[in-house]
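Just the one chain here, laid out as structure tokens, in the form predicted alone.
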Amino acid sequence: MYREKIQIKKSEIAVGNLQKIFSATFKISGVKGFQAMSLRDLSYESGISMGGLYSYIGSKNDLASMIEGVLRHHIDLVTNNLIEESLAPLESLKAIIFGALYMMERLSPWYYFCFMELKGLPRERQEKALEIELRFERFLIDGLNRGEEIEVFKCENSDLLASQITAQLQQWHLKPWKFKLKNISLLQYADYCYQSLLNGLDLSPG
């Protein structure tokens, strides 16, 4: 995604160092916050020299932009693939919910960073963080509207229902300790979120 901006052109070197940079960023952000993190902190934690860091990122703002861009890319990739599957409305909504939660599981530090850290940055970066949430919410709304249009179900307020489900899904990456404490599995929570969505629909519109 960012090969034009990265000075290191050997992919095996670049990918390995980017992994170190992202992992170090997530670790430091979790302890002291991204705003308080300096590039010197990042250099020490990642084991990459200051000069080496500038071969990949020009600034902390560039780094935040890369993290947000990667997460947005993966969300779009999954949602676009679901569209191409042409699933029936209820199957599509279930796939959206399960897909979102499995992405959150695999990309947990990326979600947490974009949700918690970007909101403390300049307005432009805050808007990018909000856009990630809104893009997913619009995809959910489109699925609800499609089901209503072909009379599979009725939805009194697709905007509010989509917002409710989105907030419910976000708990998985915001409060993982709570689910571990209660021994709730990812599959159990995905089923619960899907059932919550069904409870907000009238499945006998005729």
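Residue positions are given as counts along the sequence shown, with the first one as 1. Keep in mind that this is a model prediction, so the values were computed, not measured.
Keep in mind the form predicted together with a further copy of the same chain is missing from the figure; the text below concerns it.
- The contact residue chosen from N145, S55, S43, Q171 relative to a further copy of the same chain in the model of the complex is Q171, the criterion being a non-hydrogen atom within 4.5 angstroms.
- Proximity to a further copy of the same chain in the model of the complex, defined as a heavy atom within 4.5 Å, holds among L39, L161, V70, V152 only for L161.
- At a distance of at most 4.5 angstroms from a further copy of the same chain in the model of the complex, all three residues Q35, K175 and S196 contribute at least one non-hydrogen atom.
- Although the partner is absent here, I141 sits close enough that one of its heavy atoms falls within 4.5 Å of a further copy of the same chain in the model of the complex.
- Contact annotation for E137: at least one heavy atom lies within 4.5 Å of a further copy of the same chain in the model of the complex.
- Within this chain, V31 lines the site of a further copy of the same chain in the model of the complex, having a heavy atom no more than 4.5 Å away.
- When a further copy of the same chain is considered in the model of the complex, K119 lines it closely, a heavy atom lying within 4.5 Å.
- Using a 4.5 Å cut-off on any heavy atom, none of the residues of 86-105 reaches a further copy of the same chain in the model of the complex.
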